[in-house]
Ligand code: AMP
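First, one chain by itself: the form predicted on its own, in structure tokens.
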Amino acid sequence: MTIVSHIPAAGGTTPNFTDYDGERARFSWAAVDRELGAAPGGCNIAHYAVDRHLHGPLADHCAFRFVGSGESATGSFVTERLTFAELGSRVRRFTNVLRALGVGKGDRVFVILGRIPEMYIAILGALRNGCVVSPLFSAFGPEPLATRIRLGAGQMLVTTDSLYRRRIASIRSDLPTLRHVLVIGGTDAAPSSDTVDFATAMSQVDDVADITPTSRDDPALLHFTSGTTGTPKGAIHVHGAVATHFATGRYALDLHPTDTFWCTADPGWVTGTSYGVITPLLHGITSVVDPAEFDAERWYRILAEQAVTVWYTAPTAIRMLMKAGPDLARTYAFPRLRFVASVGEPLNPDAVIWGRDVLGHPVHDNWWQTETGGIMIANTPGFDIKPGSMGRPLPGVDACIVAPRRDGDEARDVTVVDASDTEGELALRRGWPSMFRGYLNNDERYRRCFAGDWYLTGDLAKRDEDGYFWFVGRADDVIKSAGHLIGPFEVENVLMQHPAVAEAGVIGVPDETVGDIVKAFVSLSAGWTADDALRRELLAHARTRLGAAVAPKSIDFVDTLPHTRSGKIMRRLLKARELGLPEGDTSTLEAGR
């Protein structure tokens, strides 16, 4: 077993978390609540992230640095800065925009934007107004966006002129609950009569706005996560989740007051919201935001020029940097960088070592889910790393391995496994503040996630004798690609909208860079010919409707797909055949398939 020893941070910064057993024993969520203090009306994420910093030394401190595409006279990237005071003013204005439009507490505000200042203003202003905020990934195609907005019964949408025209205009009539669309940019004041120009609306209100009273248990965020069957699941999170965001920023990301933090995740995913928006603001530190897509040289320049100290990114990005070669990294210096962490999919051991050898700091992997709302298990900077492991549970989090459930088992049928290195399902003891409080309109699915005091994650893992957890795989067919969770049903459904497709089955195929790539198997309707022209047509059809992040990268034509006797496509069997693995139990296979 390779163990990477803890490397002291640059400048002699002492990690926040150095006594594993002692800190876990002393820890209480009540103490975190006391440290955060009371908020007007009870508990509101935006109060803790913005308002409470506005009457002290942090008011003039930089909250966000947005990296531009242009360069200054010195050759450095041009950046737009927002101090906490400036952010607070704009957030309060947006709160007043919502109130002027009649959008109030409990109303659902969807945000479909790139990483621009208006995204952060909209999310925080809506939270401040007591709205339930649902940020969506702007690279989604029209159909995933429409599905999620319909499921969430969105009343307000904030987007850009370009995204509205390319993604929303074609589905606008299919969104009956949507009362207002705020549009940013564009040459016209608004692209159609039922939209409102963002800049105009902001100019018509002032920045005096009391915060809407909300409690710890009031809904705050709606994050969608994919499942193997049916539509995406909307995980509901509450304002009390702020305690987890704050504590994990201290323990898992080791944030200190002098840090400059860069989370590369898009806020359209839960990581980008919890750790790209909320957590650094809670700690009163400066966040770097890059609106551009991945580019290895650009990312190294940002790390160097912006003097990033704590960097939180994805394993896919680390692997892409590795592919770019060490020489590129060595043309830049990162003297202030002291901690690198990753999340989204398992991090291979080579990437941990690469970080140590090329960046000067090993990459610390951690684990959590949309449903957990925050980091649960982590390799933290004060301790040695076991490369390839998820790490150990953070203070306030209890984890165990339970015997895997068989098809048809009720959630209560689980048994905790005490033996080390035994594979089973990862379970967490319920009760941490950012635990999701339900799946939207699906109470039965939510109840099935729990067995007594344990939340059943659906991830297979094992725990070693030192208490480190190791990811094994998913217990279902959900595909993890470049940190995105992709539900096969959603892809299959879109493929079957094409008249050539009689049936489709979708799996994830391992890829050394992105984790898994989406592959589809298609049986054709009568009268269609399986050829490259049709394959390209189907790929384009899926990409247009789903977006590049979700659409399949390859398609194989097959005569028939394997089914169970109840008619379900056996994706497990498709994957075994694709990878040349044992097919396992096929007793439920439909006769003749």
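The model shown is predicted, which means the values in this text are computed figures rather than measured ones. Throughout, we count residues from 1 along the sequence that is shown.
The same protein has a further form, the form predicted in complex with this ligand, not shown here; the description that follows concerns it.
Engineer: Does the 4.5 Å heavy atom contact test between G344 and this ligand in the predicted complex come out positive?
Structural biologist: Judged by the heavy-atom cut-off of 4.5 Å, G344 is in contact with this ligand in the predicted complex.
Engineer: With a 4.5 Å heavy atom cut-off, would you call Q369 a contact of this ligand in the predicted complex?
Structural biologist: Answer yes; at least one heavy atom of Q369 falls within 4.5 Å of this ligand in the predicted complex.
Engineer: Taking the shortest heavy atom distance, is V340 within 4.5 Å of this ligand in the predicted complex?
Structural biologist: No - in the predicted complex, heavy atoms of V340 and this ligand never come within 4.5 Å of each other.
Engineer: Taking any heavy atom pair closer than or equal to 4.5 Å as contact, tell me whether T316 reaches this ligand in the predicted complex.
Structural biologist: Contact check for T316: no, nothing within 4.5 Å of this ligand in the predicted complex.
Engineer: Of these, 519-527, 345-353, 316-324, 272-280, which stretch puts a heavy atom within 4.5 angstroms of this ligand in the predicted complex?
Structural biologist: It is the stretch 345-353.
Engineer: With this ligand left out of view, choose which of A265, L82, V402, L485 has a non-hydrogen atom within 4.5 angstroms of it in the predicted complex.
Structural biologist: Of A265, L82, V402, L485, the residue with a heavy atom within 4.5 Å of this ligand in the predicted complex is L485.
Engineer: Given that this ligand is left out here, which of F471, W454, F77, Y439 has a heavy atom within 4.5 Å of it in the predicted complex?
Structural biologist: Checking each option against this ligand in the predicted complex, the one that comes within 4.5 Å is F471.
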